[in-house]
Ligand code: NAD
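Just one chain is shown here, as structure tokens, and it is the form predicted alone.
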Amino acid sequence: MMHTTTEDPTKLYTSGTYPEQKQERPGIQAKMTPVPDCGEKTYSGSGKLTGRKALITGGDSGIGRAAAIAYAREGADVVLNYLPSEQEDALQVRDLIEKAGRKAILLPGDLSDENFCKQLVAHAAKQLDGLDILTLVAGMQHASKSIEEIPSDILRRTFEVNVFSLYWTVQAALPYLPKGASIITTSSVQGYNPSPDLLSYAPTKSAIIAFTKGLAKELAPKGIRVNSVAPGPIWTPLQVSGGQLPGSIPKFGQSSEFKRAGQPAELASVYVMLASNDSSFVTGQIYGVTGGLPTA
């Protein structure tokens, strides 16, 4: 019989401050202090995704990396999408997936390009000989002191990456997705309770929530489930590469009820559940992993 122990969620990882740090967008996880925990040493699979075929955007680092590691250890083959400048992180994930005995395909490229989104899906389906999990994690976040300081190019690109790419990727994927397939988007607590310094980002997350719920209704008759994970403050490269205002990093995440930021590893099991048959009667739902911050 397996025995587990309880752990105090306020004491897991760190409840202290982070050192102030900054990277150029999109950021490299391996250069963060501390390096985020994506379950590299802790996630153990149990065959929940044996034989499945997944495409994960933003799969090189942070939440997407945690999902990729978990999917592979649950038995899935994985295609990772990321920006070319994130190759260093992506190669680490590929090695972890292959050590789990699964296939790992790297397909770098920019999701703000509609043509690339279509090519990404086609190449992923060809490399995996099918596709039945579409996990859309990649996102752009830019903090600004006021609406007057939001550059138009940042605003446009944030919506292209966070929202438009969902339409383009799903449109391209639908011909490949069989009954029983799962689409998982990544929204945010910001979609419910926006921070004033994330005014270019939070509305995209509200849009993703509406997108998820509407698409779930459309695809339910086809036997395809659509759900979303809504993270709270999670320690990822997004935060140190322009996602927070200068000086905000040391206290990042301490607004949660646990007085700490979450780690990507703490979301992995939710992505697995939504991808697997364990959630066969779940669609159109938004799963908050927020440390107690409200998603309503």
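This structure is a prediction, so every number in the text was calculated from the model and none was measured. In case it trips you up, residue 1 is the first one in the sequence shown, and so on.
Not on display, but discussed next: the form predicted together with the named molecule.
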Flag G75 as yes or no: does it have a non-hydrogen atom within 4.5 angstroms of any non-hydrogen atom of the named molecule in the predicted complex?
no
Do R157 and the named molecule share at least one heavy atom pair within 4.5 Å in the predicted complex?
yes
Residue contact check: S144 to the named molecule in the predicted complex, 4.5 Å heavy atom:
no
So in the predicted complex, does F252 come within 4.5 Å of the named molecule, heavy atom to heavy atom?
yes
Consider the chain as shown here, without its partner, and state which of A138, V121, V79, I224 has a heavy atom within 4.5 Å of the named molecule in the predicted complex.
A138
Can you pick the stretch from 147 to 155, 67 to 75, 173 to 181, 130 to 138 whose heavy atoms fall within 4.5 Å of the named molecule in the predicted complex?
130 to 138
Establish, in the predicted complex, whether Q21, G243 and G291 all lie within 4.5 Å of the named molecule, using non-hydrogen atoms for the distance.
no
Out of 102 to 127, which residues reach within 4.5 Å of the named molecule in the predicted complex, heavy atoms considered?
G109, D110, L111, S112
